[in-house]
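Below are two forms of the same protein chain, given as structure tokens: structure 1, then structure 2.
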Structure 1
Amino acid sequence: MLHTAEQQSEFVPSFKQTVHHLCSNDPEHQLGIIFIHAGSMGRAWEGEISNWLKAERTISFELMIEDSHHLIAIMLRRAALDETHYYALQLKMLLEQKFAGQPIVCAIAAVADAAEIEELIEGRLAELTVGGAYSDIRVLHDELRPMDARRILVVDHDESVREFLNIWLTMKGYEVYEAEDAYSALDRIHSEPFDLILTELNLYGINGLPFISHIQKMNLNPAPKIVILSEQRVEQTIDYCYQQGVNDYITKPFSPVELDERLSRCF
């Protein structure tokens, strides 16, 4: 099924109506939605996307185009967020192969009812129709950060740990900042307030224990909570950290679910 709405004013009600219809037809499952900013290539991409999804056969879909802002909306029946994300990846790759050089900007969501999608796209449709210079897949749920989001500074020498914590904690509604070593972390702490500092003990330059002591000597008001996420598992070190007033100590390898629980306990 293919809908075309010439104007955004027509597109939005029509889109919401379709979402409402699909959600109410299948209340047990989520509806995955992929928005693709198509620029001037809307019509060319639409054909490619439609053909690819039809060839997939494993997923039932609806496709809508908002011509004035070149936005393509794909609704995937019975698709949770991870599946929607995966399809968005495939579509992005397909378009990149077919239309080389064109940055592909997608936004994804998975909703259980029409009210949820209303909340997700309320006043953001224009934002979704603005293409970026780089290819990207944005998860709309992650961008709904509360105004009073807690600010966390992640200090770790390992880039992959920082990257994961940034994705994971942002997803959990925190505002995440990164520092590679204690020096740059101290600079940041001097210049801006943080609610929590999540740090490794093995750091370049200043090691973790003196780093904690530095933070405590700064007499910040309010003092940030300090949580250690470290490879060090020596009992004496853990005891020492607690004696120094650290709020929690988590050892690597870690479980993201447990990390989230223990961080929320700190506030």
Structure 2
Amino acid sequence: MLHTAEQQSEFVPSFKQTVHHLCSNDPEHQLGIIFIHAGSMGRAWEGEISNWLKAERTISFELMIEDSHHLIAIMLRRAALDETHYYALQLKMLLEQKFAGQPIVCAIAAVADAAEIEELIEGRLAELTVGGAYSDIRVLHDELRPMDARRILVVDHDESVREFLNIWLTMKGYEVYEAEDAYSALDRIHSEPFDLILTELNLYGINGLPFISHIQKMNLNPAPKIVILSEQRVEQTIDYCYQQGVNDYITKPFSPVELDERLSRCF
């Protein structure tokens, strides 16, 4: 837990010094920051994180670990907030796979110069309580979305899939919303407009095919595009979905790059 001035006093100066050095050497670009509360697993997690980041050859990073407060700080050069969020999700998934049962709590931010780190450390981070029972990624400051962003509703029972899609699609400039089942999705569609519905077929409550039929019977104007992203690979099911007017059908596992291209085609 990091939430008192005394606890911050040892870690903050060296961290701010590192951030100042990185920003000074590259003043025109943002620095993405990921904090991970590692508990007693700090050194083991540090090795896994470092190896993963080194394998991603496009990432330039610095890594710090502070044992007494169980914090790992990762600084990503030239990374905006959405990209930092994406890498935080990847690291969270990696650690969840390697260390099953351990909650992974992250906090992320992006700063444009060293001065911003003062508010980040002494403001929002000071209020952050980490080390809870559930995995989480927390954004330490607000992210601005484009005013004309396309609105996408992601419908999937798998929380990790929704989280990944939310981060990836937000990175690509979409405004993303989530629903875990068809009932909650229909409630949202009734009350607010969406440009595209990205849905699994295997849903709780109402299955995917009746769910699509419900959307089409709403006579929405304009009608949202409908794209299936599903584990189902049965050719007859895929053909039936196209017959019902869906715009595209993508099977899992999927390539995020291909997903982005196929959503772009829909618009």
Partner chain sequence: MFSNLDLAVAFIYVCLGLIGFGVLILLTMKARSIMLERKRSALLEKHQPYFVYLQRHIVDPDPFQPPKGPLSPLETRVIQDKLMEWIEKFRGAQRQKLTALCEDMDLVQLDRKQLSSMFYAKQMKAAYRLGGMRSAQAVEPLIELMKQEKDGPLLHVLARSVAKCAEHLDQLYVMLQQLTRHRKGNYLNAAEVLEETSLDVTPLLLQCMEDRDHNLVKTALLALRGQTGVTLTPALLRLADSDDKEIRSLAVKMLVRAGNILPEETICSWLTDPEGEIRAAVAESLGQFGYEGSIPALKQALTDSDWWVRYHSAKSLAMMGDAGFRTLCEAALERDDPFKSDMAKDRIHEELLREHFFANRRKQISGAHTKQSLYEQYFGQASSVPNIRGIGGDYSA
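Just so it is clear, the structure is predicted and the values come from calculations on it, not from any experiment. We call the rigid core the largest set of C-alpha positions that still match within 1.5 Å between the two forms. When a residue number appears, read it as a position in the sequence of structure 1, where counting begins at 1.
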| property | result |
| --- | --- |
| Correct structure when looking for the form predicted in complex with its partner chain | 1 |
| Core superposition between the two structures, C-alpha change of Tyr174 at least 2 Å | no |
| Ala38: Cα shift of 2 Å or greater between the two structures (core-aligned) | yes |
| Displaced residue check between the two structures: Ala88, CA, 2 Å or over, core reference | yes |
| Per-residue Cα shift, Met75, between the two structures [Å; core superposed] | 9.9 |
